[in-house]
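One chain follows as structure tokens, the form predicted alone.
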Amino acid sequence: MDGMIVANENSKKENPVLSINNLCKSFGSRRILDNISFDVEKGEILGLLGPNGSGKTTTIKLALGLLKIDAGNVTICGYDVKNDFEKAIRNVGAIVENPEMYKNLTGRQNLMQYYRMYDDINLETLEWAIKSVGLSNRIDEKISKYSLGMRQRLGIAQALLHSPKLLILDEPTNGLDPEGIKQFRDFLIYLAHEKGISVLISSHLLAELDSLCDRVAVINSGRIVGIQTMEQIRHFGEEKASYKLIVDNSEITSSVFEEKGIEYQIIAENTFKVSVDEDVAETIMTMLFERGVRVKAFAPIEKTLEDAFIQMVTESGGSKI
């Protein structure tokens, strides 16, 4: 209509908290990163996955200003890491490799060293960070008595003290037992989805990231080979959906599938994997019922993050982890 301005949906979208654009890095003649680009949105958990030596840690160190950028740029909350480092890094809490601590001091004393570096951190926030990582009962013990997992948790508390908008975590679950990993995962989901803190996390524990991330960026040989939502991961590379079918008569079931031209595999006794369009899936039970076959189970088969990861890396010409 004349005189009417219609807002573009994209114009309402917030700028990414972290934006990496055409990032390049070489050490001598060896190219480590080759024009990689990805964003992390507000309140999103993005997993950075790749084989050993693929460039994950180099990417994180460049984003944090720990290495010099050869080409491309990194912006955090709109601030360029190269040109406006202090304002950019003010918005970040990070753990790169194992957090370093003063072992002759207590956990609380270590946090207080960091606390004193900022004017706007209050003691209430410090106590919240301690409680959030489950160290309330041990915070006044010396670091020398802490396990590796406890030191990791103290490092996360330190990363949260100044209320960052972005957490960058490189292999943060090293040293955590299964219960600790679950608590850590639930805590990150809470921070992202309830508190709106963005998270970039690098890890080799694919099963853990499978239930943690909103999206994953797969890096191989210094290049991003795929960025997928977890929903896209479930069906990555599939033209048709796959289903697991358990019946009481495999012979009749096989003959029905062959008559109808349905792609199938027998994966166990009376158990089939079928690949069909969704509209065909709805009619399979009816077809089998009409032939006297009882269907005991019929459920979709979804790819795991590991399945998709291996496929992406292999198709890009790389090796697995």
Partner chain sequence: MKSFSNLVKNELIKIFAQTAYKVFIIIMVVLFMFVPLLSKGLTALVNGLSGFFDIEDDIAYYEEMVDDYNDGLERDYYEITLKTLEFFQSNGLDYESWQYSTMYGDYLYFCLSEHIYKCLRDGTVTLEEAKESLFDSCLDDNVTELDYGSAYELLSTERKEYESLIIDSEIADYYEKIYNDLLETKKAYDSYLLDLKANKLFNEEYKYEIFSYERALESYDDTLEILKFIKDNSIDYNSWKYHSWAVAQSMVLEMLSYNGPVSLQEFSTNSIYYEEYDDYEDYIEQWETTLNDEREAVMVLKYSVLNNIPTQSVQESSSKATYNSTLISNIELIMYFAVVLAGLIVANEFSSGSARLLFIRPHSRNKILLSKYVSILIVVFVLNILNAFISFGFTVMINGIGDIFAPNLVVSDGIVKESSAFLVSLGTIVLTNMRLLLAVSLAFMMSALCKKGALGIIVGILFDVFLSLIYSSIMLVSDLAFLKFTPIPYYMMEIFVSSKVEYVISQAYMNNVIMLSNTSQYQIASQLNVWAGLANFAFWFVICLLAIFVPFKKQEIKN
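Positions refer to the first chain, counted from 1. Computed from a predicted model, the values in this text were never measured in an experiment.
Form predicted in complex with its partner chain: not shown, discussed below.
Handout entry: in the model of the complex, segment of 60-68, 31-39, 285-293, 257-265 with a heavy atom within 4.5 Å of its partner chain
Key = Stretch 60-68 is the one.
Problem - 4.5 Å heavy atom contact with its partner chain in the model of the complex for all of Ser147, Gln152 and Leu191 - result: No, none of the three is in contact.
Exercise for the section: Find the only residue in Gly134, Gly180, Pro99, Gly72 having a heavy atom within 4.5 Å of its partner chain in the model of the complex. Expected result: Here the answer is residue option Pro99.
Handout entry: Residue (of Tyr243, Trp128, Tyr114, Tyr79) lying close to its partner chain in the model of the complex, criterion heavy atoms within 4.5 Å
Key = It is Tyr114 that has a heavy atom within 4.5 Å of the partner.
Handout entry: Asn104: touches its partner chain in the model of the complex, heavy atom cutoff 4.5 angstroms
Key = Although its partner chain is absent here, Asn104 would touch it in the model of the complex, with heavy atoms inside 4.5 Å.
Exercise for the section: Report yes if any heavy atom of Arg90 sits within 4.5 Å of a heavy atom of its partner chain in the model of the complex; otherwise report no. Expected result: Arg90: yes, in contact with its partner chain in the model of the complex.
Problem - Residue contact check: Glu124 to its partner chain in the model of the complex, 4.5 Å heavy atom - result: Glu124: no contact with its partner chain in the model of the complex.
Practice task
Examine Leu212 and determine whether its closest non-hydrogen atom to its partner chain in the model of the complex is within 4.5 angstroms.
Solution key: It does not: once its partner chain is placed as it appears in the model of the complex, Leu212 has no heavy atom within 4.5 Å of it.
Problem - Partner contacts for 206-221, taking its partner chain in the model of the complex and a 4.5 Å heavy atom cut-off - result: None of them.
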